[in-house]
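One chain follows as structure tokens, the form predicted on its own.
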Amino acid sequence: MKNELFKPQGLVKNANRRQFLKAGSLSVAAAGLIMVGCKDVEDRDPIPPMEGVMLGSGDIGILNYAYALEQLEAAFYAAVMQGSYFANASAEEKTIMGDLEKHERAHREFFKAALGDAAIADLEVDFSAIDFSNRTSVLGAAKTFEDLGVAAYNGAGQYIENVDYLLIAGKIVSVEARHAAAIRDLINPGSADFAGDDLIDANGLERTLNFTEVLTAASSFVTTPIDFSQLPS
């Protein structure tokens, strides 16, 4: 990746925003090739039915955690595509939102296929707090979801034991980070907000959030109860 993509002036150009996101989509495809050889996930016993969903333990629990977040993001962008904001958006923003919707849908389907019978059920979501006719509301929500996703993967990575899963998580979080940067640049074009102090510490490291912090934040939009008590801590 060229260094200029990480400078404010590199992101504000319309062509570069799309190029920035397009490069990230290659990570999704690459991750799929790796997961073909990881069939041990599908051999696990299915999670027993319960009220709500139980993520499970170990690597399976973490993959289900990621799957839950990808379900939320995919559902959000699907709703964006149906709203009047998207219908009236500029060609550039339609392209970017279309790319993000495709990526999040690919992430969701990737985890669903990889987990097999161990995958949690589809989550029920509630986006009534988001005005899908309003640009500020939609982009603000997108910023929340993308920043949350990056922090969630960063926080969970330390607990992943299987190196193949860790590699996949690294590929996906890089895509989520591209999404977050693109959305922030749409909100504040030409600013340094895409790598602001609210995300990056004095050591140049991205923030992390733990399982409780992430799922508490997500509970504002997910109505299905999620039991994550078996996740590592």
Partner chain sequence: MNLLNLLDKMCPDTNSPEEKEMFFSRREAFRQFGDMSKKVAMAAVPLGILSALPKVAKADTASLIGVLNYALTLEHLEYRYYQMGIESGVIDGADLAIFTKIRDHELAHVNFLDEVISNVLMGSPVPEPEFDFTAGGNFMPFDDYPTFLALSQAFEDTGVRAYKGQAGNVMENDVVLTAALSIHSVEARHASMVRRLRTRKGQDDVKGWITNDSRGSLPEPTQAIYAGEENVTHGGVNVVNLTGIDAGAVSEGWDEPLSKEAVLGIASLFLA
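Predicted, not measured: the structure shown is a model, and the values here were computed from it. Numbering follows the first chain given and starts at 1.
Quick note: we don't show the form predicted together with the partner chain, though the next part is all about it.
For the three residues L69, F127 and R135, a heavy atom within 4.5 Å of the partner chain turns up in the predicted bound form in no case. Contact annotation for A113: at least one heavy atom lies within 4.5 Å of the partner chain in the predicted bound form.
The partner chain is not drawn, but in the predicted bound form it has a heavy atom within 4.5 Å of I96. In the predicted bound form, the partner chain lies farther than 4.5 Å from every heavy atom of A91. Contact annotation: L167 falls within 4.5 Å of the partner chain in the predicted bound form, judged by heavy atom distances. With contact defined as any non-hydrogen atom lying within 4.5 angstroms of the partner chain in the predicted bound form, the contacting residues in 173-187 are V173, S174, V175, A177, R178, H179, A180, A181, A182, R184, D185, L186, given in sequence order.
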